[in-house]
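Starting off, we have a lone chain in the form predicted alone, written out as structure tokens.
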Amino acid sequence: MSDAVFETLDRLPAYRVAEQTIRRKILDGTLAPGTLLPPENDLAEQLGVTRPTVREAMRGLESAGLIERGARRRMAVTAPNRSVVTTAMHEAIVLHGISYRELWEVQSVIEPLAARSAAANITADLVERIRVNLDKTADCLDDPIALAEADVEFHDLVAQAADNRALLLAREPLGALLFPAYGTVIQRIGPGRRLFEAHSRIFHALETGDADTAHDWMNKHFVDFKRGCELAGLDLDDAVAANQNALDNPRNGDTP
């Protein structure tokens, strides 16, 4: 009988062990947002490591958005803001070679869901802000850049109206990579009036609390989004690139 063979145990640097120890206490709720961490000397003593080790651990936690400089120059626990989450998701999407079609498939589920929830939860303030957005959209149907910006703003406002933080965190990094594609569509085939009609129908449904119609029109809008990309000659099977202009790569030359 042969002897058992074991793999060498991973030996993490001390700063990573310290970082993971603090991270666990943050994520399990022991250290709530707003809690001040002990001064460096005290924290080093409690963890049984050196001050430079603590500083390195703090850098990692700060980069992750889990701590920030608080009162009396002490580090305080904080919830990561959405920009940290979005940046991390962007990098993961690019590095995993995810395609624009995959983004569209997910967004075509999330956006109708957001519209349905928004119909039930929209506030008077957001009704007014979307109304202003529609007026802006109507005034820039022939301005591709302004129309693309108004389109992104419309979808952001609908998502805010849904009043669901999980939905906001899920959709923002995906939309930030997918929606710029529509700027190219607008420049090439000018679907401004179709876009405005869809937005208007969705807004009317939100304003009247008609969740089914809001969902259905947002779904139609995203089917139209995909069709517009195809008509503009954009290849949705391309991998998402950090540079959004990478999608501007028509299969067959100029748009018909």
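Sequential numbering from 1, following the sequence displayed. All figures in this text were calculated on a predicted structure; none of them were measured in a lab.
Beyond the structure shown, there is the form predicted in complex with the DNA, which is absent from this document and is the topic of what follows.
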item	value
Listed range touching the DNA, judged in the model of the complex by heavy atoms within 4.5 Å, from 199-207, 219-227, 56-64, 23-31	56-64
Candidate spot G190, R194 and H215, all three touching the DNA in the model of the complex (heavy atom, 4.5 Å)	no
Contact flag, V49 vs the DNA in the model of the complex, heavy atom cut 4.5 Å	yes
R165 within 4.5 Å of the DNA in the model of the complex, heavy atoms	no
The DNA contact in the model of the complex: A14, any heavy atom under 4.5 Å	yes
is_contact(H96, the DNA) in the model of the complex, heavy atom dist at most 4.5 Å	no
Residue among R101, R129, R74, K136 with a heavy atom within 4.5 Å of the DNA in the model of the complex	R74
